[in-house]
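There is one chain below, alone, in structure tokens, taken in the form predicted alone.
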């Protein structure tokens, strides 16, 4: 995978997730950050920092991005969410419009 085909998502703790750009675009918020005109840092560096999203939650969100792409292509599998993550995950998903 070429660097220009990836996006770096950074959690509140500074952990970096390098994901396929198409997967990250599942999120309308990330899509807007990466495609908006105006020379925003996110667009130029393909890097988005989420100071309010923990590493555990951002990891689950990245898993969801890939699951969503598979689901959209016809592969129907279950996406498991641990009950203790549900509230925090719902708040992050609301922010990310996923």
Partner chain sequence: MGGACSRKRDQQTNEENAHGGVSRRYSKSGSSKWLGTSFSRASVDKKEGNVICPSLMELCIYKISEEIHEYGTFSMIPRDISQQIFNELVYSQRLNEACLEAFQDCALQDINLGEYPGVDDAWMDVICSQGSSLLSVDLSGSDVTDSGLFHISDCKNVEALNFNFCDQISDVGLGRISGLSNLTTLSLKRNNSITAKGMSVLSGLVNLLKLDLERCPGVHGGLVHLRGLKKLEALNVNCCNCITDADMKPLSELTNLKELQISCSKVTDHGVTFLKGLHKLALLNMERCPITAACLGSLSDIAALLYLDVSKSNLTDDGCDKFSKLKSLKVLNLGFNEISDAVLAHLKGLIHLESLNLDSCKIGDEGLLHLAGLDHLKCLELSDTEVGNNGLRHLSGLVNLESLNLSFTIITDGGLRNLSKLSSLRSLNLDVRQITDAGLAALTSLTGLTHLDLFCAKITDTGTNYLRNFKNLRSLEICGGGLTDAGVKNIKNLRSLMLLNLSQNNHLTDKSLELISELTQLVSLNVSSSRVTSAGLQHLTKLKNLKSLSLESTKVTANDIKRLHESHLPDLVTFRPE
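From a predicted model like this one, the values you see are computed outputs, not experimental measurements. Positions refer to the first chain, counted from 1.
If you look for the form predicted in complex with its partner chain, you will not find it shown, but the lines that follow are about it.
Contact annotation for residue 14: none of its heavy atoms lies within 4.5 Å of its partner chain in the predicted complex. Residue contact check for residue 19: none of its heavy atoms lie within 4.5 Å of its partner chain in the predicted complex. Put simply, residue 68 is close to its partner chain in the predicted complex: some heavy atom of it is within 4.5 Å. In the predicted complex, none of the heavy atoms of residue 30 sits within 4.5 Å of a heavy atom of its partner chain. Contacts to its partner chain in the predicted complex (heavy atom within 4.5 Å) from stretch 82-98: 83, 86, 87, 89, 90, 91, 93, 94, 98.
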